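Listed next as structure tokens is one chain, alone, in the form predicted on its own.
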Amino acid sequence: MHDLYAFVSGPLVWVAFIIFFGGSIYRLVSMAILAKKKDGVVFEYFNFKYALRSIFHWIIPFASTNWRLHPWMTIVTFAFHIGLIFTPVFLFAHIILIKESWDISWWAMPDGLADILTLVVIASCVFFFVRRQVLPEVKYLTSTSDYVILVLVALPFITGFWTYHQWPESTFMGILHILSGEVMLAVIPFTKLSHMLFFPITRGYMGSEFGGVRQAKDW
């Protein structure tokens, strides 16, 4: 078990990061080439003013009409993303590991807050799962990969919560926590999770088109 832990917390970490960064660069470059090929003037009318205006407007809860039309979805979506991003970055246990490896550290959130955000992420995944089951228009567009992605996102948080609270088989769950986190990181560029890479670009593109070309708001 010790050798397995050393493997997943050592070489596999580097593999996951290499795949993530390499895959992200590949997807971004290939998307830029495809955009230029499909629409030759796509970069010419890209306007940073309207792009940033659109991006910042859409990351504010209830600022857009679509956010206001679906209040529960808006609340869950923003809570989910806050927990998904801030928990692993500002978790004390993660910061300690980085401190030991590279001698750098930053502010850590209280463990109680980390617990709450972890449960928020898990509950949000359940919400998204049920939503895909009960809403016909969403269920129609749902594929098996969507459920797999939900599991991949939820698993690092479930296993991390389990490991932190030292429940039975916490050693095994700790290994599964690291492994599931590495898998999630590695698949980001190649699945729908890649929206984290493309959101600023697609939203900036739409903001530029609406603001600079159509002289209208995109929210």
Partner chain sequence: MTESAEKIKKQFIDKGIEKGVEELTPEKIEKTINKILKSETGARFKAYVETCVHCGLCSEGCHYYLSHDKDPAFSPAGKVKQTIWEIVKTKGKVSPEFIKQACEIAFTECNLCKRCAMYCPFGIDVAYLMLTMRRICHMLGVVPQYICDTAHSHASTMNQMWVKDDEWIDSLIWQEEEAREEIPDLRIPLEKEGADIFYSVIGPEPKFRAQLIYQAAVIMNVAGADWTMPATPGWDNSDMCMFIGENEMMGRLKKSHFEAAMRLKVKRIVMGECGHAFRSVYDMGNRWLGWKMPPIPVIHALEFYHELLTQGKIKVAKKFDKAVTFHDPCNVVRGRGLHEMGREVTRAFTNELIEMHPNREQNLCCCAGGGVINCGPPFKMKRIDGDRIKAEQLFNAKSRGASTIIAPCHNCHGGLEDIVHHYGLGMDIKFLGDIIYECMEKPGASEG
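Positions refer to the first chain, counted from 1. If you superpose the two forms and keep the largest set of C-alpha atoms that fall within 1.5 Å, you have the rigid core. Small disclaimer: the values here were computed from a predicted structure and weren't measured.
A second form of this protein, the form predicted in complex with the partner chain, is not displayed here; the remarks below concern that form.
Student: Is F20 close to the partner chain in the predicted bound form, meaning a heavy atom pair under 4.5 Å apart or at it?
Tutor: No - in the predicted bound form, heavy atoms of F20 and the partner chain never come within 4.5 Å of each other.
Student: Within a 4.5 Å heavy atom cut-off, is F56 in contact with the partner chain in the predicted bound form?
Tutor: Contact with the partner chain, no.
Student: Given that the partner chain is not shown alongside this chain, does Y45 nevertheless sit within 4.5 Å of it in the predicted bound form, heavy atom to heavy atom?
Tutor: Contact check for Y45: yes, within 4.5 Å of the partner chain in the predicted bound form.
Student: In the predicted bound form, is there a heavy atom of the partner chain that lies within 4.5 Å of any heavy atom of M73, even though the partner is absent here?
Tutor: Because a heavy atom of M73 falls inside 4.5 Å of the partner chain in the predicted bound form, the answer is yes.
Student: Looking at the partner chain in the predicted bound form, is some heavy atom of each of A35, R131 and V138 within 4.5 Å of it?
Tutor: Every listed residue reaches the partner chain in the predicted bound form, so yes.
Student: Residue by residue through 196 to 214, tell me which have a non-hydrogen atom within 4.5 angstroms of the partner chain in the predicted bound form.
Tutor: Contacting residues: F198, F199, T202, R203, Y205, M206, E209, F210, V213, R214.
Student: With both forms fit on the core, has I33 moved 2 Å or more by CA between the shown form and the other one?
Tutor: Result for I33: yes, a 2 Å-plus shift.
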